[in-house]
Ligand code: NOJ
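Below you'll find only one chain, the form predicted on its own, shown as structure tokens.
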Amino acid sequence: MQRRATWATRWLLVSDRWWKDAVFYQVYVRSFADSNGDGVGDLPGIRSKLPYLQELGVDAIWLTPFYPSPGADHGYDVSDYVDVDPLFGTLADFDDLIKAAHEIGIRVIVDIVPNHTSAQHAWFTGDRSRYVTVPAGDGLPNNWPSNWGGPAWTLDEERGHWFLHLFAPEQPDLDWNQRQVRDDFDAILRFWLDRGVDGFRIDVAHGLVKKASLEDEPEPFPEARFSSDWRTAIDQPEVHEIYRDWHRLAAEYDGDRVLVGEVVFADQARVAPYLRPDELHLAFNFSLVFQPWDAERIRASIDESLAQLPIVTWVFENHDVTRIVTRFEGERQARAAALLLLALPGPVFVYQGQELGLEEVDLPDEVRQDPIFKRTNGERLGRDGCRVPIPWTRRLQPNAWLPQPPSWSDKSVEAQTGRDGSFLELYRRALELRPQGGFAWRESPPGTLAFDRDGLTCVVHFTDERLPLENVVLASDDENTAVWMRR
């Protein structure tokens, strides 16, 4: 049980927020480390790899859902928010992990999934008063589409109503206009805060409250990077009341607990309201995820983010997007992207395997498990290719829940540790030297970016042209595609 913070303690913490420049490492639990040989990662496996994460140099880890779940969306369909799925261990294993991480100075934040539950949650198998439902009538309640294909409504003839699901039918949406839902989640957050978690990553943070009128969306639906860019049913004013409540709740605990929102908009100006001083502390900035390897486009993305957001949380990879080695079409670009990412001001999220230079895996259709792939009949490949378990040794896992390609033997932690020029050693060195302080662009030739950070200059080449560079502290490769230099 964690000690609650006094007002004086919280005041002292304001000037030294640990997360403001932290490096977070995302652990996709089922694909990180398998302790019992069943082919699926688990909590004891994570605990066994804490020395690796300490040596890598990260400040905190984010755990994807490990709660009881039927697995329709690999844990993002939660059937019990206050327990551990036996597939991943026990509550005692979780407590041991928290204790061991804190002993070596690594903080732990956990995923919370408040937009929807599993259809097997007791709330849904019960009276369903906590969900968005509409009495059965003539046709669909409205024209809202699911993010994963088909309508966002499923008819339950036995119950005589439609229920809403912005994702899969196995993930019914909660009704956050219900006081009971808000009280339930206050208790859920306290349960994990009392066990010592250092904060939460909030899934679909912008989508909790739906427009009460349930009116149709204008058609035809636009082609957009994110459906949230055009949906008028979400991003409702009432969602900010929830995060003000959660901010106050988190502030009752010592240790400066952090709330990180998955707020998905292409326009960062729409993200900014979630980062008001009394709401979320951080929100993912996805702008770099969708940029090509182009100096002008990436600089424009950085400038827009810094201009629009009070604090920018940088990310190039996660469990939902194509890995950068594949996205940027090569290891050289991915190495340069690593030095760019780790030189930017503010918190950074690194996805497991990013430090190994893992590529997207082109899996055969018969082994794919993502509901996106299944619901679109293969038109969208889904996210399995970035979720393949990471390789720890040259001998790959023969029974991994998604098969590892043979080439990953040479990309394993074992193969890369201590090897000059390896991806892993580049990340370790960059995390050791990561600059702090201010940020200022420097003039540089076309096709390059250069900026200063507290005694270091970061230079990134986006073309095959190379400039003679002096005072290099760290280089991404032998060609100096990206370097950190002494100013």
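Nothing here was measured: the structure is a model prediction, and the numbers come from that model. Residues carry their position along the shown sequence, with the first being 1.
Not on display, but discussed next: the form predicted in complex with ligand NOJ.
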item	value
Candidate from 144, 274, 76, 81 lying within 4.5 Å of ligand NOJ in the predicted bound form - any heavy atom	76
Contacting member of 186, 215, 238, 320, with respect to ligand NOJ in the predicted bound form [4.5 Å, heavy atom]	320
Residue contact check: residue 148 to ligand NOJ in the predicted bound form, 4.5 Å heavy atom	yes
Partner contact for residue 313 in the predicted bound form: ligand NOJ, 4.5 angstroms, heavy atom	no
In the predicted bound form, residue 107 touching ligand NOJ (heavy atom, 4.5 Å)	no
Interface membership of residue 167, ligand NOJ in the predicted bound form, 4.5 Å heavy atom rule	yes
Ligand NOJ in the predicted bound form: contacting segment from 409-417, 360-368, 95-103, 201-209, heavy atom within 4.5 Å	201-209
Neighbours of ligand NOJ in the predicted bound form among 386-407 [non-hydrogen atom within 4.5 angstroms]	387
